[in-house]
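The chain below stands alone and is given in structure tokens; this is the form predicted alone.
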């Protein structure tokens, strides 16, 4: 009886077994079906990406080797635009201003964000109000935020100078003198972005394993030491990603500069994107504008790839 049952089971199993050729055919059909499903889901996004990103970027790269091409006749000039961009003193000033702005703004906003995120994580009662208050400036359009600051820091009728004069002060020229103008731009952007980074780091701090913090408390480590030796090392991958995002966004600073200073005084607040805007729309120098745009894209792309390479190398070393 048992022998017949075993024989029947073996026969049924033999019927379910595929030959190598049948297995390959079934595997190909499965992969094709899975690929068609994936392509169907990705096709709408790919079409939008190609029309609104890939094609404009490729067109911009091509125009960086030409003069004209927007409203006038396009003429191929090779690397002439790139040579002009490399030797242009205004571009060098804009690059230096952008670099200085990025270093100061990122350092200040990251330091404040980590500090405030730690406070919100420690004192959670009523924290929702402070989260909303910090994040609210980011909800306003950048132009509106810059206009608000314009009426705060204007030398003649700005709120801050009116208050200073009420107490006998002479007033501060926030927008007409260097380095006040650049530091004012930094203050505007830190004010706008602080809420986002506070919530960003708060999520990271709350993800730190409680077991590690408890072990530190048992060992007698003070709060600041637990933060420096446990929280910060745990947040390092997050910090690197945040640095990449901050570089990408801050390298494209334009709105506040255009509204508050228009690049002045004496190009003291001119940024790379502001320079591109002026060359494109004020001087119609499309070749130089596109060459500078592509150069900025390459710099941001290189910084992003370098950061991701460092992150991957660190993860591989820790694995």
Partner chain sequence: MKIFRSRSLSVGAAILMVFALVAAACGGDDGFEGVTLKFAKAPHGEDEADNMAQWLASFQEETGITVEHTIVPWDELEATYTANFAGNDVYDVTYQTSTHLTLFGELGAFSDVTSRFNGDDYSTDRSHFPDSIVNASVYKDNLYGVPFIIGTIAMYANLDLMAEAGITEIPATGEELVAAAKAIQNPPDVWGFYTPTTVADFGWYFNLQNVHNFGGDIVSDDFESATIDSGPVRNATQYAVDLICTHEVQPRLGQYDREGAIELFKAGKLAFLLDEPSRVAVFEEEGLPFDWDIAQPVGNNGNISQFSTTGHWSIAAKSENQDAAWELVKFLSSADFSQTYNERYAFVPARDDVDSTGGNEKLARNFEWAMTTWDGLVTHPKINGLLDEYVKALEAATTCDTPVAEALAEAQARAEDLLARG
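Positions refer to the first chain, counted from 1. None of these values were measured; they are calculated from a predicted model. Just so we're on the same page, rigid core means the largest C-alpha set that superposes within 1.5 Å between forms.
One more form of this protein should be noted, the form predicted together with the partner chain, which is absent from this view; the next part is about it.
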{"property": "Whether 71, 154 and 264 all lie within 4.5 angstroms of the partner chain in the predicted bound form by heavy atom", "result": "yes"}
{"property": "Answer option from 276, 259, 251, 294, heavy atom within 4.5 Å of the partner chain in the predicted bound form", "result": "259"}
{"property": "Interface residue in the predicted bound form among 53, 42, 32, 282, criterion: non-hydrogen atom within 4.5 angstroms of the partner chain", "result": "282"}
{"property": "Segment that reaches the partner chain in the predicted bound form - one of 189-197, 236-244, 105-113, 172-180, heavy atoms within 4.5 Å", "result": "172-180"}
{"property": "Contact flag, residue 229 vs the partner chain in the predicted bound form, heavy atom cut 4.5 Å", "result": "no"}
{"property": "Touches the partner chain in the predicted bound form: residue 131 (any heavy atom, 4.5 Å)", "result": "no"}
{"property": "Contact test in the predicted bound form: residue 84 vs the partner chain, heavy atoms, 4.5 Å", "result": "yes"}
{"property": "In the predicted bound form, residue 166 touching the partner chain (heavy atom, 4.5 Å)", "result": "no"}
{"property": "In the predicted bound form: members of 45-62 within 4.5 Å of the partner chain, any heavy atom", "result": "none"}
{"property": "Did residue 124 shift 2 Å or more between the shown form and the other one, C-alpha, core superposed", "result": "no"}
{"property": "Post core alignment: residue 170 C-alpha displaced by 2 Å or more between the shown form and the other one", "result": "yes"}
